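What follows is one chain in structure tokens, specifically the form predicted on its own.
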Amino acid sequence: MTRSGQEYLESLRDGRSVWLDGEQVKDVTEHPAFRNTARSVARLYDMARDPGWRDVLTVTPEGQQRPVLRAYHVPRTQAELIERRKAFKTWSEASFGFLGRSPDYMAAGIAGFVSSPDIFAGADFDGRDNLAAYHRRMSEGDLYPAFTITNPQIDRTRAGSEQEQDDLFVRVVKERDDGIIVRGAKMIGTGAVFGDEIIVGTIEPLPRQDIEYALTFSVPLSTPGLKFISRTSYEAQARSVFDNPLSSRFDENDALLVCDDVFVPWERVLTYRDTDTTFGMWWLTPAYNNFVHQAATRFWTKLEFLAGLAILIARSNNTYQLPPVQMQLGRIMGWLSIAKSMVLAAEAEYERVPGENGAVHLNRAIASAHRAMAGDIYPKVLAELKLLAGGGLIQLPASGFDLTHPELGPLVAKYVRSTGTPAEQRIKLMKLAWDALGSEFASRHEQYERFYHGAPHVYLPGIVRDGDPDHLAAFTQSCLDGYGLDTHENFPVPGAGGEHHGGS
């Protein structure tokens, strides 16, 4: 059996240093800024134990007695790739697509690492044994791997070694017989405060002179010297589940990680003083493609939720049958089908990982294109929904409790409704819509989806890299090579005089 939701919550009471509004949070499972989301994550673990979902969410690896979360499993056939996606889909539906960094995200990345372990064998440090132990520890313990792999936005025109201070990014400051001491910061720790371990690395390419910054390690969140500085909590600002149904339960938070002379044992180091392995572990293994598999499935789920929201709003407004509204709904549902189709196509056109491991992963070209598609489509979906909802998004009671007030209740019931949709039902729907479209939580999600896979200057060139541009250019060149100035042949056009073919 995998661990229960209650066991997960108990694991968070480990003395981790989480800070919010200038105060240290003593217990994230009880603090009003984190407790509901922690319970939403706990429910995911309970689902993995439930007989109704257990076979979808877990798998027992060959030679083992105990099941593990399917995200940790290395798929070796297209069928296993599809089974993993079904697990992603099941968990993403539990949060309607609003938990972007649920435990299966980084778990799938770790499965990608162990699919190509030789990438971790650097010139002076071999991380393969540590990687195998890391995968075993995380999968067998059903642990939640959080991560921070982006450097703070201090001066993007300079390398880490050229910054105004040498500890703005995480770097090695001391080497010991039993490990290393690191200092510096990383962003953006989405969901990090809810993790069991935090993997710290760098996904961007590093210049050779940044060798002191070229490292990757994973440590428990309770490790002395780790500080997590949280952004504003939308969960803490939520009035109630009725008034803020999404932000009150699915605010996974984002935190800045600060390492204040943190000791990392050698056995927890994956790459060390090697710019090639530190970069290659993300891009030369299936890790990032595995991220896209989870993320694309979650995005598909999120668009299903938003499409359903659009339909409910149109029906509540009694505009569902109007041709312009049908056009808007068709546009949204069309984008949904694009998102879904890209996942299915990337699975159908799967690729094999080089080597004897036998692992498979998504088609790189399609996965890479999905990164651009999702960031482009999401704001458009929100814009269509806002047009459908109109002023109904704005003219809402401050709280659902106004409905129960002896004086205000009858007024709200009379005026905040539509034909066939009583006040409580309409207010509940529009509160949900506002939380998804117009609240601070919603604005964060729009920005989040825009940059979920990085900035456009990163992922658009990636499409060129993964899309076989030489083949495309050669195909078009074959057309150019088929004629010249001395070509005078006239090719017959079917149906334009001359011999008639077919029919009568």
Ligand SMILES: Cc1cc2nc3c(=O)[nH]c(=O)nc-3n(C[C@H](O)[C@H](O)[C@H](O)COP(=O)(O)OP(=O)(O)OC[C@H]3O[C@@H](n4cnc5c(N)ncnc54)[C@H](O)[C@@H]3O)c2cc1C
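Sequential numbering from 1, following the sequence displayed. Values in this document were obtained by computation on a predicted structure and should not be read as measured data.
Unshown form predicted together with the ligand; subsequent notes refer to it.
Per the 4.5 Å heavy atom criterion, the ligand in the model of the complex is contacted by stretch 440-448, the sole one of 473-481, 440-448, 28-36, 50-58. Exactly one listed residue, out of 190, 363, 161, 418, brings a non-hydrogen atom to within 4.5 Å of the ligand in the model of the complex: 190. Between the options 254, 276, 304, 210, the residue in contact with the ligand in the model of the complex by a heavy atom within 4.5 angstroms is 254. Although the partner is absent here, residue 272 is not a contact residue: none of its heavy atoms lies within 4.5 angstroms of the ligand in the model of the complex. Contact annotation for residue 229: none of its heavy atoms lies within 4.5 Å of the ligand in the model of the complex. Though the partner is left out of this view, residue 153 does reach within 4.5 Å of the ligand in the model of the complex, counting heavy atoms only. Residue 456 belongs to the set of residues with a heavy atom inside 4.5 Å of the ligand in the model of the complex. With contact defined as any non-hydrogen atom lying within 4.5 angstroms of the ligand in the model of the complex, the contacting residues in 135-154 are 147, 148, 149, 150, 153, given in sequence order.
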